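Only one chain is given next, in structure tokens, and it is the form predicted alone.
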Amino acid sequence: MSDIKESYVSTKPVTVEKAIPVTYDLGHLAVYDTNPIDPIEIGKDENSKNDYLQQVTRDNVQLLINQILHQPLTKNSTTTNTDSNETPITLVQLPDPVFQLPREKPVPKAKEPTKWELFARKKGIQKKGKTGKLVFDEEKQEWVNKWGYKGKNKELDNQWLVEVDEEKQAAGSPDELIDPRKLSRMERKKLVKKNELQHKRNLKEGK
């Protein structure tokens, strides 16, 4: 019984009075106390000074908790790894922070443009977005790549019947008797080589 009585006597009140009202930044869970520290208490022995600072800290934390308990509440449900049942939990909705915290690290410096970027800027070449790399396949009813793996430009490779391009394989032309599928692959390889050569020229001119 004596232990309960001592515990009750040592319990601090939840209401705290300050000569100068404190300010709050609930978004950062912070409270700012501008009341001056008592120089007499600070000048006492180490134990007394620590007890005094602990009391001031306790009062400010109590004020902060009082403000948090006045914020709106929301209920949510969560599950644990061992139990599939949902357990309702209550969350406190904190307001947006008032004070903007400084960055821990300096703002990163802008990267210097590469030679290709300088050349592209000079020539007015704009970078194509991802949408420019896709095309809608009417047969599959989905968006597919224009080039590369399973690209639209390779759809002739797996066709059992291919229409002959009369302009490319006209009578008497060198490509007249070439399989259209093989001709398509050859044209792609030529285009790749042409692009590689053009890229090398651009890099050389950009130096």
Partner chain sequence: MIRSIKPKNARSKRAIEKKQPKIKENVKTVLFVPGRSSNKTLHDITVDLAALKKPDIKRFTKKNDILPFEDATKLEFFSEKNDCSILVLSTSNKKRPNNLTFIRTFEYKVYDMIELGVMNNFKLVQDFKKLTFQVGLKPMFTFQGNIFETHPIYIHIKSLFLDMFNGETTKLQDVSGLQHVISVSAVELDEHDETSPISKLPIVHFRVYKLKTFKSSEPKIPRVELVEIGPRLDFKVGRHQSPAPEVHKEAMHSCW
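Positions refer to the first chain, counted from 1. On a predicted model such as this, the values are computed, not experimentally measured, just so you know. Between two forms, the rigid core is defined as the largest C-alpha subset superposing within 1.5 Å.
Form predicted together with the partner chain: not shown, discussed below.
Peer 1: Check for me whether the partner chain, as it appears in the model of the complex, comes within 4.5 angstroms of all of Pro113, Val135 and Lys150 - heavy atoms only.
Peer 2: None of them does, since no heavy atom lies within 4.5 Å of the partner.
Peer 1: In the model of the complex, does Trp143 come within 4.5 Å of the partner chain, counting heavy atoms only?
Peer 2: Contact check for Trp143: no, nothing within 4.5 Å of the partner chain in the model of the complex.
Peer 1: Applying a 4.5 Å heavy atom distance criterion, does Glu46 contact the partner chain in the model of the complex?
Peer 2: Yes.
Peer 1: Pro108 near the partner chain in the model of the complex, any heavy atom under 4.5 Å?
Peer 2: Pro108 belongs to the contact set for the partner chain.
Peer 1: Check whether Val14 has any heavy atom within 4.5 Å of a heavy atom of the partner chain in the model of the complex, and answer yes or no.
Peer 2: Because a heavy atom of Val14 falls inside 4.5 Å of the partner chain in the model of the complex, the answer is yes.
Peer 1: Pull the contact list for 54-71: residues with a heavy atom within 4.5 Å of the partner chain in the model of the complex, in sequence order.
Peer 2: Those in contact are Gln54, Val56, Thr57, Arg58, Asn60, Val61, Gln62, Leu64, Ile65, Asn66, Ile68, Leu69, His70.
Peer 1: Kindly check if the Cα atom of Lys18 is displaced 2 angstroms or more between the shown form and the other one relative to the superposed rigid core.
Peer 2: No; that C-alpha moves by less than 2 Å between the shown form and the other one.
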